[in-house]
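Below are two forms of the same protein chain, given as C-alpha cells: structure 1, then structure 2.
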Structure 1
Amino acid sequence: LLYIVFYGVSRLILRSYLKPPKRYWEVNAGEENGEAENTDVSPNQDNISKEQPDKIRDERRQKKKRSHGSFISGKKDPFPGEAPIPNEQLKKFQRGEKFQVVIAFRLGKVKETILRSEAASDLALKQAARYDLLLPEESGFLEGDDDEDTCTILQEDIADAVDITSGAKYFNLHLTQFGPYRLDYSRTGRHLLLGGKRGHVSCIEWQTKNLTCEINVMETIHDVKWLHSEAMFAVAQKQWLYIYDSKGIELHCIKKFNNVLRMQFLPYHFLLATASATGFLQYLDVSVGKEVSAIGTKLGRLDVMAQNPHNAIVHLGHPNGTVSLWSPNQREPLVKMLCHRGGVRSLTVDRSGTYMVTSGLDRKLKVYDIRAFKALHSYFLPAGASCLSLSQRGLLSAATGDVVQVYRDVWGGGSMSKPYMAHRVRGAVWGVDYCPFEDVLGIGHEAGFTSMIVPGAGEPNFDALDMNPYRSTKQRQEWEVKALLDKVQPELIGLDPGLLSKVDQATFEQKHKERVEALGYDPLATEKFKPRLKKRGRSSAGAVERRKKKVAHEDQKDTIRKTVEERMERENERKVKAQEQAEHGTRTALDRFKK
C-alpha cells in the first residue's frame, strides 16, 4: 500500500513539475480530470519513463489490467474478463488431474517445464470447452402429449409428423425367402450390409436406397461385418471366413478361420476378431492379412460377442452366465465376471467404455460399471431380451421375439417398466444395430429388414477428421492412408488404453533398488540438515541444536498441514454427498437402519 501511495505521489509531483502551474479556476477541473487520469498519461509517459522505469512499468501493467473494465468514454464493462465456462463443460474435456507442483525449488527448470505444460493444457481445455457452443446440430427428441405415452406412438405417425427426408428413414424391406437377417452399418452410417441366414448378402446405401451389391453365397451365413470402410466386408459362412469387395467379388477365403459364429471389427487396430463354434477367439489384421492371435478359450461354443469401443477389449458371453474379457496379448481372459444365473443371451458396451449392459436367460437386464467391475442396476424384463444394442447417445434397444423396445437413461437407475419407444416387426428379431450419426435403429428379422426412427439416438455432431458421412472419394482415400499410418499395434490393447502416458512407478522403484544395492547408498535421499557454523558466539552447541530443532519442527508442521488438508477435503466431500442425498433421496421410516 505504501508503495502504491509513494509512486502515485511521485507521479503527481512529476506531472505538476512538467505542466504549467494551476490557475485558481482550474482547481475544480483538475479534480474532475483526476478521476479519468487512468487513460490519458501517454504524452507524459515517455518523459517519466527515463527517470523511474520500474515504477512506470508496473503502472503500465496495472493500467493494462484496468483497461479491461474501463474505456475512453469512462464507462465500465459490466462483465470484465473472459466469459466463464460452466464446470460440467470443463469436466467433459478434462484429461487426468491437475499436477500439484510440490517439488523442491532447486529443480527450477523442471518446475518451469511443468508449469508451462500445465498452462498449455489449460488453454487447450478452455478452447475445446468454448468450441462446444459452436456445434451446429442438436439431437432429436420425442415428447408425448400429457396423456400420451411415447411408447405407444407408432412409427407411421412419427414418419408423417416429420419432414420427408426424415420420414423416409422409416422403411421395410420384405425379404421373406432367405431367412432371418443380420445387419451391420458402416462406421460412417452411410452403408448398410444385410446378410440372410440362407445366403443372401446385399449392401445398400440406405438413405438413397442405392443397391451397391447383391449376391447369394449359396451357404449358411452366421454373421456379416464391414471392414474399415465401405470397400470390403467379411462374411462368416458355414465353414470358413470370406472377404468380399463392395461389388460382391470374393477377395479371400480364409480357411484358418473356421466355424466362425460372431465377428467384431476393431477399427483403430484394423483387427477383425472372430468367435467360433469350437471355442476359438481369433484376431485377423486386415491391413496386412495376417492372423495376429488365436486363443483357445476352452469355454465352449462362443455365440455372444461384443467389443468395448473405448479400449478394444472383446467381451464374450457364455451359457453358464459368465462374461469374459479378452485381449489378443493373453491366452487367459483378462477378467471373468459372473453376470447371470442362466446363460448370457446378449451383451453390449457403451462407447465411453464405462457401462456394460447384459441380458440373460433369467429374464434379467443388468447394468455394470465396467471400469470398477461393479453391478449397478438390475431390471426384470417379462420376456427377456435376445438382442441388445446401445446408441451413441445412450439409448438401449432390447428385442424379444418380434418386439423391439427402446429404453432411455438405463444407468440412471429409474424404473424400466415403460420403454421410451416400442415397435413390432413381422418376424422374430435376429439382429439390432443403431446407425452411427442418425436417429435410426436397424432391425434384422425373419421377414427382412426394418429401419425404425428413434429420435435422440444418434450423435448430432460428427468430427470430419474421424468419420465423415459426407466425405468424397478423395477424402476417403486420404483418410484411409492416415488411418493406416496411425494403426495401433495389437500389443497395446489392454484394460487401460492410456497406460503409455502413465509413469511406470514399478520399474522406477525396481531400478532404484538395484542402484542402491550397486552404489551402496541412496543417491536420492535428502541430506540431513547441517547448520552452518556462525561466528560471535552464535554457534554454541545449544544454538546449533536449537536451529536443527527449528528445521525439524518446520518439516513436521508441513506433514501435519498436509494430513489436515486431506482430512478436511474428505470431510467436505462427505458433507456435500450427504447434502445431495438429503435433497434427492426420499426419506422413509427404514432410513435409520440403512448405512
Structure 2
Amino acid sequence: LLYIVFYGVSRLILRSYLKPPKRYWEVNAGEENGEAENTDVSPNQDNISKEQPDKIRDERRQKKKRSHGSFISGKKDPFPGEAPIPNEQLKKFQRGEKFQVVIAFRLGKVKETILRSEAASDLALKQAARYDLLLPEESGFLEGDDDEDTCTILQEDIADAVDITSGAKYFNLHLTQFGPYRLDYSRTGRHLLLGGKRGHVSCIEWQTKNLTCEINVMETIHDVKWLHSEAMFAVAQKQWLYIYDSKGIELHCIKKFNNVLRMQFLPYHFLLATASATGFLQYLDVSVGKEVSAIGTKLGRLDVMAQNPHNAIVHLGHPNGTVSLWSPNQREPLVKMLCHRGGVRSLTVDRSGTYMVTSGLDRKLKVYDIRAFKALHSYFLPAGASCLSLSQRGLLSAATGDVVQVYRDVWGGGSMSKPYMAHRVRGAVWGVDYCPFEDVLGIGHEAGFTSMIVPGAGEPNFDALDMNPYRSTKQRQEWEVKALLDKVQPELIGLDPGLLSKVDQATFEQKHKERVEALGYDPLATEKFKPRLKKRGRSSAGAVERRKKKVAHEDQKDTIRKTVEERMERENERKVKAQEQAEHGTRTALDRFKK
C-alpha cells in the first residue's frame, strides 16, 4: 500500500514539472511583452487556444494577399501577374479552332462539358507555349565563312569538325553484291532497315552499329517498311508480302497482297498501305491481320507513293502526270491533280500536311499547297529528281543520278540555284530518307548505304509520350498496349480531320425541317412546359410527366387545329378563284347548250 501511494505522488510531481512545450498559438501578448503568465489555464482559455491556429492562418493569407506584387523593401512589382505569351508561340501549339458555344444552348450538361474541355485545352496550350522556353535543345544550320557556299563543304570536313559522337553519324556501308538498296528508319530514329534488290535484308541499330538481324530471302525485293515498332517489319518481295520479326523469323506470308511495289505505314491507324504493279491500292490492319480494303485505281502501275502524316491520306503518282489522293473509305480518288506534263517520278508531303513536293519527267520540281490544291512554286532541275524526301524541319533532299542535293526554304519561294548541301555517292541513288530526331540523311544506292550529316534537319526535342528514342523494352511494351487502345478506326480517315469535332449544320437543319413537316408544328419554337411544384405527393415523377404530356397534347391539338384551318382557308380561296375565272372566262360556241 505504501508503495502504491509513493508511486502516485511521484507521478503527480513529475507531471507538474514535465509539461509539454507550448505551441506558437498558445503564446499570448503578455509573454511577447515579457510579462509573466499564470500556470492555471481555464477551460475557456483552452477553447480559445484551439481556435487560434485558424485565425492566425487566415491573417497570414490576408497579409499575403495585401502584400502581393510588393517586395520586402516595400517596392511594388512593375510587371505583376504572369508573363504574357506571344501569339506566334501560341499558334505553334494550337490544335484546331475553338468550338463556339451558343448562348441559348439547350443541353446544360453538354454545354458545361464543352466549356470545361475548352478550358482544359486552353490551359494545356498556354503551358506548352510557356514551357517551350525550357526545351533543352535548339536547331541550327550549317553556316560558311565569307563568300563560301555551304554546298562545297565535304562530309569528311564536317565529321572532323564536330564532336566524336556526331562525327560517327557519317559512315558508308559498302554492299556492292546485293544492291541497289531501299531503306527505312524506325519512328524512334534508332533502328535502320535495309533491303537490297537481290534479296538482302538487314536490321541495324545504326548509332551503335549493332547488327540486329541479317537474312537473304532469295527473291527480288521491291520495298521494306517498319511497322508500329522495331519488333516487326514488312518486306515486299517478288510475288507476295512477308512480315518478319526483329530476329529475321518469318511471321506471315500474305498472298492477298501480290506484286507490291511501294508501302506506307499509318502508325495511328495500324494500317499498312501497299501499291501494286497491277494498279491496286490495299490496306492491311496489322493489329488483327485483316485486309481493310482493296481499291482498283485503274491508273496503271503504281510505283510512286507517299502519305500525308497530318490526315493519313495516301498520295499516288501516275505515269500520265497526275497525283491522286486516296482514303480506304472510298472507291474513287478524293482529289485528282494534274501536276506534270510527263510522268511523276517522286513525291513527298511535309509533316504538317500543308505542302506537297513533286518531281516529274519534265525535269520540274513543283511545290503545292494541299489546302487549296494550287501550285505555289515551280523550279527547273537540269537532270530532274528521282527521289525526294522532306525532313522534320522542312529541308528537302533531291537525288539526281549519283548526287544528292539538300535545299532550304523550298516553299518560301527562295532561289534553288545553289543547294544548301550536296554529296556524291558511289552509284545511282535508289532511295533517300531522313532519320527522325537526328541531323542525318540516309541514302540507299547501288554500292550500299551512306549516312550523311545534314545540320538542322531533325527535330531537336521529342515527345516522350509519343515517341521516345531512349525507351526500354518494358516502356516499348507499355506504349504498344496504349497505342492499341487509342487506335484510330480507318473509317475516320478524311481530307479534313477537324470535321470530326464539328456539327453537320446542313444535315441538322434538313432533319429539323422534315420533323416540322411531319408533326405540323415546330417543337423547338416554344419553351418547354415546367410543371409547378405541388405538395402532398402530387409532384411525384409520374404526376409531373402526366401533366407535361397533357399540356403537350393540348399545344399539339392547337397547332394542328390552326394548320388545318389555314389549309381549309387556302383550299376555299383556290376554289373561289377557280369559280371566278370560270364565270368571267371567254364563252365558247358550246356554252349555249348549257342550262
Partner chain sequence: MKVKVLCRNPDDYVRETTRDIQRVPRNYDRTLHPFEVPREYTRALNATKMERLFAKPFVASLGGHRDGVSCLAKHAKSLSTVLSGACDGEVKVWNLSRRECLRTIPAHEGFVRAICSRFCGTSFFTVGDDKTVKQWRMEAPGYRVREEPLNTILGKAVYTGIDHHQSEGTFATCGQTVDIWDEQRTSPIRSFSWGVDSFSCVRYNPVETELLASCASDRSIVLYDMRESTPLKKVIMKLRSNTLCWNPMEAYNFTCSNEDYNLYTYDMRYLETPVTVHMDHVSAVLDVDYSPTGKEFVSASFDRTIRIFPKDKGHSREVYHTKRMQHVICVRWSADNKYVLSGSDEMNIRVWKANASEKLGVLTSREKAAVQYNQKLKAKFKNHPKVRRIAHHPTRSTPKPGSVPIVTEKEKHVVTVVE
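For clarity, a rigid core is taken as the largest C-alpha set superposing within 1.5 Å between two forms. Note that the coordinates shown come from a computational prediction; the quantities given were computed from them, not determined experimentally. Quick note, the numbers are simply positions in structure 1, starting from 1.
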Note to self: form predicted in complex with the partner chain is structure 1
If I superpose the two forms on their rigid core, does the C-alpha of Glu156 end up displaced by 2 Å or more between structure 1 and structure 2?
no
Superposing on the rigid core, is the CA of His174 displaced by 2 Å or more between structure 1 and structure 2?
no
Does the C-alpha of Arg116 move 2 Å or more between structure 1 and structure 2 once the rigid core is lined up?
yes
Backbone CA shift between structure 1 and structure 2, Glu82, after core fitting (angstrom):
2.4
